[in-house]
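In the block that follows, a single chain appears as structure tokens, in the form predicted on its own.
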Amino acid sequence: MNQQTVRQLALPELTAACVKLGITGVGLWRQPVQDYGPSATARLVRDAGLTVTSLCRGGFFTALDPGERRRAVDDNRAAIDEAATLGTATLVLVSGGLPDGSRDLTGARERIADALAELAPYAGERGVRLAIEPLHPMFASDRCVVSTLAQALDLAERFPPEQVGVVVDTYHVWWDDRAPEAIARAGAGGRLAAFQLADWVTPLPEGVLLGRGQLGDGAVDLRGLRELVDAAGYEGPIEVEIFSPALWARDGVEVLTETVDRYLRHVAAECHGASEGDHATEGHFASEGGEEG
């Protein structure tokens, strides 16, 4: 369970609640990890018997200014080091939007490729894979010019699969009729680095960034997408990435408990034969979400 889905819980509270609920992994975000200390965080999670499923986020490679691009690359090197310290093999990338005044999507994507060319070998040496996350097209101008899984794969496939993969996030790809084909392509190439869940509720209650819905509350065929990644050979953790002020305002343990139940009912039940009372470890349940990125 990612601390940002329930960011009202401090790291020690989060790990304790995950142990109690049978959740075996936590997805972490850089700022809280830096505040607690990467080594201290690694010990806390390890001593609780949990694993770190991913670290979020790196990226933001699209600046035009050479100095700004260099600072982004340097910051991503630090993120790779933090991921290695935490023992996770996955650093999620939000690649960056269009620079102010620019309309050149192709050029922005090529700058992402340039940054990956510098960072991918460094990540591979440290046992970390860079995971390109395509975001819904509404984010293309300000956060991520990579809007589809196919675009993410076009970038990732320039590099070895153990160095660069892709993220399948239901909130971002559910609308794309070519997503099933891209998921199969990612699986065949060994590129599936992470699978994340959130629902799409209309109207978006808090806008596109913070308006994600609890599992089962919206329009996304969550189980269908789960079956697609299963068929593509994905065996890694599943992270629930819900950015929601309504959830953050509630008791964190209550939200964790509800999310486990929603996962079992709307994602895992038919795939794994899980009953209502099963713990969330059926299907390697983890949850991720939160920061504005």
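In this text the structure is predicted, and so the values were computed from the model without any measurement. The first residue of the shown sequence is 1; numbering continues from there.
Quick note: we don't show the form predicted together with another copy of the chain, though the next part is all about it.
Contact with another copy of the chain in the predicted complex, judged as any non-hydrogen atom within 4.5 angstroms, is confined among 110 to 118, 161 to 169, 80 to 88, 205 to 213 to 205 to 213. With a 4.5 Å cutoff on heavy atoms, Pro137 counts as touching another copy of the chain in the predicted complex. Among heavy atoms of Asp142, some come within 4.5 Å of another copy of the chain in the predicted complex. Residue contact check for Val220: one or more of its heavy atoms lie within 4.5 Å of another copy of the chain in the predicted complex. For Leu105, a non-hydrogen atom is located within 4.5 Å of another copy of the chain in the predicted complex, even though that partner is not displayed. Think of it this way: in the predicted complex, another copy of the chain has a heavy atom of just one of Arg69, Arg226, Arg30, His266 within 4.5 Å, and the residue is His266.
The pair Gly207 and Leu98 is tighter in the predicted complex: their Cα-Cα distance falls by no less than 3 Å compared with this form. The pair Glu206 and Gly27 is at least 3 angstroms farther apart at the CA level in the predicted complex than in the present model.
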